[in-house]
Ligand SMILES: Cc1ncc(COP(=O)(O)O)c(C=O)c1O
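Starting off, we have a lone chain in the form predicted alone, written out as structure tokens.
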Amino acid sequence: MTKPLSDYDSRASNTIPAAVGQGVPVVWMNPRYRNTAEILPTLPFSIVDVENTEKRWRCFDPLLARLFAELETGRIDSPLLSLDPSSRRRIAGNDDGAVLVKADHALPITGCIKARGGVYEVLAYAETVALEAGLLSPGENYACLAEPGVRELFAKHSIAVGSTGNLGFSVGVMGRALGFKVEVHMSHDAKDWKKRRLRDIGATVVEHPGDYGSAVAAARASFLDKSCAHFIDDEDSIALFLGYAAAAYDLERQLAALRIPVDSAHPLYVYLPCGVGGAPGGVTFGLKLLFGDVVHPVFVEPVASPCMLAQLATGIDRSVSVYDIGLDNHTAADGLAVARASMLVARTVGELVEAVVTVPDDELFLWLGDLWRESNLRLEPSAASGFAAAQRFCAATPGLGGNDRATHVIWTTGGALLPEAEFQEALSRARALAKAADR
């Protein structure tokens, strides 16, 4: 029996709700959610790993500042924005709660959250290659990695990745800036403009007949045991995961600057769009290390592609697919169109995710139009999903998300570099939907 859209599933449930297989939006409370202090010591990563990742990021600041004019300090980060009063009221249901936007749709260089993982792993590989060749010494200014002699070395190496588009672009921009050869493996139905954008920067785009998962598998197989090559595995990369985790420090710093308390009386809810899971999983891990139980991560997925919900509901003993439950994985949120979740992420943060909210495509476009009109936020449909989810979550959980002392952070993921024609098409669909709904 289909549940009411405002209902949410009991923590006693350990199966995939019937409504999920029917493509009906749900607010699913994770029955395996546990106390942070109980789970963190059992995980393969720790605060030391994230601290070292953050330190490593800072080593690359001089290099990034040299390569990209828009990065004066070399730091890749996005602003933390206040949402307009009308949208805030629609989400939180009151005027008291803070609703903020972690604007990774506007991250410099790539215009998407994937810079935090993709750029980091390319830089880490460049560091390894240069150190092994004796062209970089510990403690040396990493800006030297842009020198012609080092670029000649990088030109002999290849980097590959499977992607729906945004991770591929992040890897492509950074890899090509350093002189690497770059291959991006994509499904045939990936956005044409994302393929053109990659080719324009000199990356090779390899198209595959299947979906995203098939493209990743083919890329992985083609780079197996290949010399002078590195495959960035979106499903199983530790470097990607830790690169995303370091973003938690940025949010902590920004909340402190705004004097926004995060404690048991002032819980923090963070809404994270989820495709394969690397970015939201890494951010969740970092936030749990810093804030413990007072931070509540909520993953967001399209109704057609709830791969992480399906995986967490089923358990982590085996990988499951949305195709297994009768869904087609077709969504306008192309960055979230993933049939199978990362098992690395599911096994690492599966007990740290408070809830998963699934949302229909129409709501993504309605929010996309409203946010452009009211807040001048230029988003892809995927990046608008967090707003639709936050609204559903707060309405369904008045004692949790509806707490008027809670702070809500909606993490946007892409959109600043969306071509004008694509954005206008999305706005046109938003206007049509709003007119039909008499909004």
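One-based numbering along the sequence shown. This structure is a prediction, so every number in the text was calculated from the model and none was measured.
Just so you know, the form predicted together with the ligand exists too; it's not on screen, but the next bit is about it.
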### Sole residue of G172, G286, G117, G277 within 4.5 Å of the ligand in the predicted complex, by heavy atom
G277
### Residue (of L336, V356, V322, V122) lying close to the ligand in the predicted complex, criterion heavy atoms within 4.5 Å
L336
### Task
Would you please decide whether G243 lies within 4.5 angstroms of the ligand in the predicted complex, comparing each non-hydrogen atom pair?
no
### Query
Is there a heavy atom of S305 lying 4.5 Å or less from a heavy atom of the ligand in the predicted complex?
no
#### Entry: Among 30-38, 54-62, 408-416, 391-399, the region lying within 4.5 Å of the ligand in the predicted complex by heavy atom distance
408-416
### Query
Going by the ligand in the predicted complex, which residues of 142-166 come within 4.5 Å of it through any heavy atom?
T164, N166
